[in-house]
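Heads up, the chain below is alone and in the form predicted alone; it's given as structure tokens.
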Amino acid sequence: MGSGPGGLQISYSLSRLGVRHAVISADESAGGMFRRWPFFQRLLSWTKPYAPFERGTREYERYDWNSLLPIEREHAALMTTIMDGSSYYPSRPEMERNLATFAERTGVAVRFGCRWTATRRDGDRWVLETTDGEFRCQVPVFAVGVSQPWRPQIPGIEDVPHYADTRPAETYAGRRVFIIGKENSGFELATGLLQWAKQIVLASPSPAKLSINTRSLVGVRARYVQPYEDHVLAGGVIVLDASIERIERREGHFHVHTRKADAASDLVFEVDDVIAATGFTSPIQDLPNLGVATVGRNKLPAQTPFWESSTVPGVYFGGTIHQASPGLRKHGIPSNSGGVNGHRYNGRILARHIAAKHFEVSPERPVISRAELVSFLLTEATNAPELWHQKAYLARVIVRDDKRGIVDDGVQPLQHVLDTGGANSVAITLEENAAGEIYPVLYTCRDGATSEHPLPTNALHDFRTSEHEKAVIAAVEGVLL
């Protein structure tokens, strides 16, 4: 497993379930990637020191996107003890210290200076070859991140640096800079270079999406909108919807040939620097040779709803790689698995799934009284951080057990719940539509037939109202009640 936040969360969760495991570090520290990126220091994920709930509580996690999830509450909300108070966006050194502190205080077994180099099968075991010897395991979980620079096939792009190799900002003073890509990394660079560069061009075939317009985390975050405003006001930034046809290096500068979607001829830019802000892929080494299929432009491993390789059973993935298990994408909104705030919950669910499926460790399944059921469901919809951070992706599942009654079956991937059907059950999740309205949805399964029950929205996002109670009772009648 990798040693980034995904690997730490899964390792910690497995250890608390009594499953023996090994964590293999591919970096020099638990927060290796945060030693380099984001280039201009501040993360896009926030931690609010002052929120409607007490720090360290489960409800507070909704406002703290960067701390990992402990069982011992004294180790919760560690990020708030590390940030210097100058911003509610942690700096990358603060994030690194947050992860290292979590590993130290919770006793996660991290082996440093150990790089995974190859993989093979040996009977019913997997063998991971590393620079520190071989490790054998029954179930490997690869949480190696999405940190390997990726470039599209554009003639000449091999001659320009990737985002990962951006120079210090002051070295771009007075220069014309062409940035390939109009997602967060491209706009981050443009924001940081505004005071230095003479001119900045951001280009890609598709129009830039802004999170404030999509009403979600899809698109360029509000922190990086300044270059877009500069473009709108004609202040020196050009945001161009065009394909990059080729890049030519000529006597100390570059000619970037572009083609707009609505034009029949090239538009050529002569610039001093080109930066490929074209994204990252996952360093999964030789796994494709062992049959692990990949999907999408960035070739991430194809996964089941429980983050298992869709082509090689028994191989699992963790951390930011989970974004390749997209879920239902209702209303076009993907999961938040590319960030710590999303995949930390996936990791805890994955640990529980592996413990039950491969090691016969049964998870706790508390009984809920009939009198408490409606209140429990609506309180989850109002406060559960798993549902708020992973809308229409994770759901709280309640089942009817013939022997025990109404049972809490924990948080599960919504797609898995809907795919399997089965026993009488109710799953509650949160959804957000194109208008930005957030509301609970109940999915009921009765004798194998699934029904969907959207509940009313609420301006204060408090769903514990009499209107919602009546809607829940009507939905679960005959299923759980």
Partner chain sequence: MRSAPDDATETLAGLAIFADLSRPELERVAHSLEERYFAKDERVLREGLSGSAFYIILEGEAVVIAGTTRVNTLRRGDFFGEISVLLGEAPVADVVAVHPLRCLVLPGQLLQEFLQTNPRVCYRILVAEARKLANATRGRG
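Given the structure is predicted, the values throughout are model-derived calculations rather than measurements. Residue numbers count along the first chain shown, from 1.
Unshown form predicted together with its partner chain; subsequent notes refer to it.
- With the partner removed from view, the residue among R329, R365, R370, R73 that has a non-hydrogen atom within 4.5 Å of its partner chain in the model of the complex turns out to be R329.
- A heavy atom within 4.5 Å of its partner chain in the model of the complex is found for exactly one of P152, G410, G338, G314: P152.
- You can rule out all but one of 396-404, 200-208, 268-276, 342-350: in the model of the complex, only 200-208 has residues with a heavy atom within 4.5 Å of its partner chain.
- Under a 4.5 angstroms non-hydrogen atom cutoff, its partner chain in the model of the complex has Q415 among its neighbouring residues.
- By the criterion of a heavy atom within 4.5 Å, V225 is excluded from the residues contacting its partner chain in the model of the complex.
- When contacts are judged by a 4.5 Å heavy atom cut-off, F39 does not count as touching its partner chain in the model of the complex.
- For the chain shown alone, D159 is not a contact residue for its partner chain in the model of the complex, no non-hydrogen atom being within 4.5 angstroms.
- Contact with its partner chain in the model of the complex, defined as a heavy atom within 4.5 Å, is made by none of R55, E59 and V361.
- With contact defined as any non-hydrogen atom lying within 4.5 angstroms of its partner chain in the model of the complex, the contacting residues in 287-323 are A293, T294, V295, G296, R297, K299, A302, S310, T311, given in sequence order.
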